[in-house]
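First, one chain by itself in structure tokens, the form predicted alone.
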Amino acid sequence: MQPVESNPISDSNDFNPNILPDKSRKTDFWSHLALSMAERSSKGLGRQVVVSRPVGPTTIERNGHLAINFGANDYLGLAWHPELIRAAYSNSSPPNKVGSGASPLITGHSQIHAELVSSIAAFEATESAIVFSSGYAANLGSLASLATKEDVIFSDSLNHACLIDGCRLSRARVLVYPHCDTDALRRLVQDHRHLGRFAFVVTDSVFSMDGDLAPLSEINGLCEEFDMQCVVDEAHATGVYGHFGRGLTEHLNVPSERMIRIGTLSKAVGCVGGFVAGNQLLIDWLTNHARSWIYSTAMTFPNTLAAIQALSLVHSMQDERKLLERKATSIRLKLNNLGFRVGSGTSPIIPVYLHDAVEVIEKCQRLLEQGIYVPAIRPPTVPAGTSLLRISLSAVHSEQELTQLVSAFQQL
């Protein structure tokens, strides 16, 4: 079987090596940038930073509009939890300092950072863990240090950009399989597993734009059969899936021997940072090889203290996880009944699929004018020719706010 040509993000002009499509036409550098940006904007693909003022756990102000916020990944509402705020900002919390001042291997790894590592290992029920400055850095550094040019990677076609970039940096041979298609993955592995000394399947567990779930049980079976490891990014599953919130691997009871699990502190945990949890040998390897960890300053003390507190809460938030699933199921059903094409599943990420980038921007603005913020997602974040409104639910969204969301979509 031949692999899919590329991931959608790889198809974007952001990665086009032919900077000037018409080599016969001479132009200066700044004119090229201006023309390219004008073309991008004409297609509805231009991006601009908008100042967002957080008002409350579920409300935000954007461009002068006060709106219910359905754009954040704060799935459990922990970013606003008073215990996290006290942990981060209380003057009684040592060491009364903000920045760590150095990378972990120099002087940046304090006793408080060590406590966070222990908290993550306990939360994930593993021997140890390593904490990165972001989830992006965790995926980038892990893949680039685990796989080499002698290896082969089988990557889901809708993987997040950080997984795609980590695969590139590894210099391994990367073969892309159709999204969540384990039959196609099997055929691809059968035809190409022999190309690598070691082989890896790389996938999100909950996909960040479509909100659907990776078939981890089937992938684990293939890894057992063909002697492969699976690098699974649990970013949007950490805190949301599993009895203790460890992610989709816990939810599906997938054995851990073949799974290299990457999680985040930046979404349901309500803080910032990424981590890898696993056996001590894995953590020792990353400590010595993951450049995005070795050469980055350790996270700030307030964030570290808040993350420790958050992890002490997440493992017992079973009621919030059940409530979040019920809300996600209800909103999907109601939007389907209104005639919208929405993504399937149970995750708090609900994509509403539209025709093109211009339409999705227009509908995003119309929702904002009704007091509802739902971000417009366009290529290259999603495949060319597709666009969507990405609803992101939180356990702290009230029933009234959810009713306002459905009512606003009814007016589109």
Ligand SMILES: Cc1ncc(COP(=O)(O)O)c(C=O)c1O
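Just so it is clear, the structure is predicted and the values come from calculations on it, not from any experiment. Don't overthink the numbering: it's just position in the shown sequence, from 1.
The form predicted in complex with the named molecule is left out here; the points below concern that form.
The named molecule is not shown here, and in the predicted complex it never comes within 4.5 Å of any heavy atom of residue 123. At least one heavy atom of residue 135 is located within 4.5 Å of the named molecule in the predicted complex. The closest heavy atom approach of residue 162 to the named molecule in the predicted complex falls within 4.5 Å.
Although the partner is absent here, residue 208 lies within 4.5 Å of the named molecule in the predicted complex, judged by heavy atoms. Only one segment in the set 154-162, 212-220, 297-305, 190-198 has any non-hydrogen atom within 4.5 angstroms of the named molecule in the predicted complex, and it is 154-162.
With the partner omitted here, the residue from 235, 277, 167, 310 that has a non-hydrogen atom within 4.5 angstroms of the named molecule in the predicted complex is 235. Contact with the named molecule in the predicted complex, judged by any heavy atom within 4.5 Å, is made by just one of 128, 145, 266, 249: 266.
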